[in-house]
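Let's start with one chain on its own, the form predicted alone, as structure tokens.
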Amino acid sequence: MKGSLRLYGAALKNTLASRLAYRIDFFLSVFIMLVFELIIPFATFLIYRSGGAFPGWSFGEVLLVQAVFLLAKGVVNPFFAGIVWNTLIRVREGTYDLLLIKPRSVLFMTLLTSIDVEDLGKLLGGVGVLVLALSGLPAAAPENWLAFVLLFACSVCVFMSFSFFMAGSCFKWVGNSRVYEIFDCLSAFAMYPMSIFSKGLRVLITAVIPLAIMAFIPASVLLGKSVEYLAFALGSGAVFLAAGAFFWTRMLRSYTSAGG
């Protein structure tokens, strides 16, 4: 375990050092990522500024939901979600074989070579929006913070499970370059309070496809709000992560290399 952590730390250090060789390009990329992540919160601000609102939710509460989503995304994208593009490019170019012959787990080596430090801009955006949201809300109770931390970990796991599904599909459908856009469209539901959706859709994105636990449920618990289908969401999140890892492993078996 310690050896794996040292390897991951070395890979992160080397990736950052290589990007800092072109510092202007790196910081510009991080800034662009940061600005892009602020589009939805800014649109929410405009909605409330013009007199609109999500029923039963103040601007600060909606902003907290979006902050949790951006923060979880900001944790996963630089360190884990790069597995999607890494797999897609390596399978397409026929260089994924290099990871198969390494004396480490194939999944670990795929993650190790997938670090994308430019996505740290998303993490900065999530932290910034979270600080802004919390500054306008009453202080949460310690037990709410504890529950929030646990649920936030679940949120990160669900994000990772989607990465496994998307990366696994790249072994079979080599030209599937639009897979992440599909995920972006689907995950957009997680950036808004579930109360604005119909009951049937709430059940779907809570107990079947665990989108609600990506942001809404952790934010609601931190705010002290009651949460529908919490047990189903937790169970669905655990099943989804296991299913994502299983799907990636099964699809890896179908990898046939680039051949001669």
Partner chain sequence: MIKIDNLKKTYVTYRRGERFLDVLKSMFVRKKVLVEALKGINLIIEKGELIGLLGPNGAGKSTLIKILTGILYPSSGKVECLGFVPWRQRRAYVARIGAVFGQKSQLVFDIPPIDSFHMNRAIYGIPKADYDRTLKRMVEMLDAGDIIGKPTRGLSLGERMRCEFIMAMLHSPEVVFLDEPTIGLDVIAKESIRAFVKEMNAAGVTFILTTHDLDDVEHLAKRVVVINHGEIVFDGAMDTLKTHLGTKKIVRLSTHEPLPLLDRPGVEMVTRVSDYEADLELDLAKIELNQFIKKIGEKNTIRDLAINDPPIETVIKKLYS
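Residue numbers count along the first chain shown, from 1. Note that the structure is predicted; figures quoted are calculated from it, not measured.
What comes next is about the form predicted in complex with the partner chain, which does not appear here.
Figure note: of the listed segments 153 to 161, 132 to 140, 180 to 188, 95 to 103, the one touching the partner chain in the model of the complex, with heavy atoms no more than 4.5 Å away, is 95 to 103. Residue contact with the partner chain in the model of the complex: Ala11 places a heavy atom within 4.5 Å of it.
Not displayed here, the partner chain is kept clear of Ile24 by more than 4.5 Å at the level of heavy atoms in the model of the complex. Interface residue remark: Leu71 is not counted as part of the site for the partner chain in the model of the complex, having no heavy atom within 4.5 Å. Using a 4.5 angstroms limit between non-hydrogen atoms, Leu112 touches the partner chain in the model of the complex.
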